[in-house]
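To begin, one chain is listed below as structure tokens, in the form predicted alone.
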């Protein structure tokens, strides 16, 4: 749907300041029908990338290539994109309904079609009760919801969201994630940046990591977890209280009735099991101790 090709962005302030390289040869794509999470620490280049995609700023070099399914002209392409920035501006004296009418008319929708979409989506966003109120009375979570509703009002083919879950309480995040999933199931491509890593792991099928303006990883969530860190194994055995294995292990938890849980590195697992069998101890269970995406991200600080 969208392909970033060797993007480089250098910001120059004045003659006495070193140019800042925000993006350095970044290439990845957002396939049609995918749900792609965009991760990286503050300053990694996520928002710069999104601004270049939306043509708010131009790259120093490289290009953004849009699928022909989005259109053949820039005007047609951007009609098929729904974009929610991290800090959207809302006209405070407009009611929620008037704001949605205004946004829909900007996308050349008829009043009838706008009202139909509002009737469909406002209850799902749990914002229907507040549509007659002025936006200045809305909480941050309510503004986030109505901003997202405005983003999908015109049936875009791809939805691009910059930190859509930021600042929401756990219930608000859960409700908004459910709507994101629903929008994706309707066939829309979804690309969103986030610093809330568990949310990305929960709903995305692909993830893109940026670190210091460079691409650190681009692939499936499963392959990132599989390839990034060696797994440990949790081995539960029934053994003598005084037993101390010859095979190296990381830790042991002693439980009642001579039960012990050993954490064993993947490279030592087979040797550990052989030792248990040779000593005729009972192996109760073997469980892979997989890291989460959040553990990978914060342990490696995005270096994957």
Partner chain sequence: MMANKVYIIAYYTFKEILKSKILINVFFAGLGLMLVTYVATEFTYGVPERVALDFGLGTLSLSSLAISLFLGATLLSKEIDSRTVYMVISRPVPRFAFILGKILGLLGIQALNVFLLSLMTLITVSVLGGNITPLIYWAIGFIFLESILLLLVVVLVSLVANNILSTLLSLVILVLGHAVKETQSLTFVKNRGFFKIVLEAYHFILPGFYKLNLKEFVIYKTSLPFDYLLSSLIYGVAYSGFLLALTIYLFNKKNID
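Just so we're clear, the structure is a prediction, and the values are computed from it rather than from any experiment. Residue numbers count along the first chain shown, from 1.
If you look for the form predicted together with its partner chain, you will not find it shown, but the lines that follow are about it.
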Quiz item: From the list 118, 159, 150, 207, which entry has a heavy atom within 4.5 Å of its partner chain in the predicted bound form?
Solution: 150
Quiz item: If you check 168, 101, 215, 203 against its partner chain in the predicted bound form, which one has a heavy atom within 4.5 Å?
Solution: 101
Exercise. Answer with yes or no whether residue 134 is in contact with its partner chain in the predicted bound form, where contact means some heavy atom within 4.5 Å.
Key: yes
Quiz item: Applying a 4.5 Å heavy atom distance criterion, does residue 184 contact its partner chain in the predicted bound form?
Solution: no
Quiz item: With a 4.5 Å heavy atom cut-off, would you call residue 259 a contact of its partner chain in the predicted bound form?
Solution: no
Quiz item: Would residue 269 count as touching its partner chain in the predicted bound form under a 4.5 Å heavy atom rule?
Solution: no
Quiz item: Exactly one stretch in 184-192, 76-84, 207-215, 120-128 has heavy atoms within 4.5 Å of its partner chain in the predicted bound form; which is it?
Solution: 76-84
Practice problem: Scan 43-61 and write down, in order along the chain, each residue with a heavy atom lying within 4.5 Å of its partner chain in the predicted bound form. | Solution: 51, 54, 55, 56, 57, 58
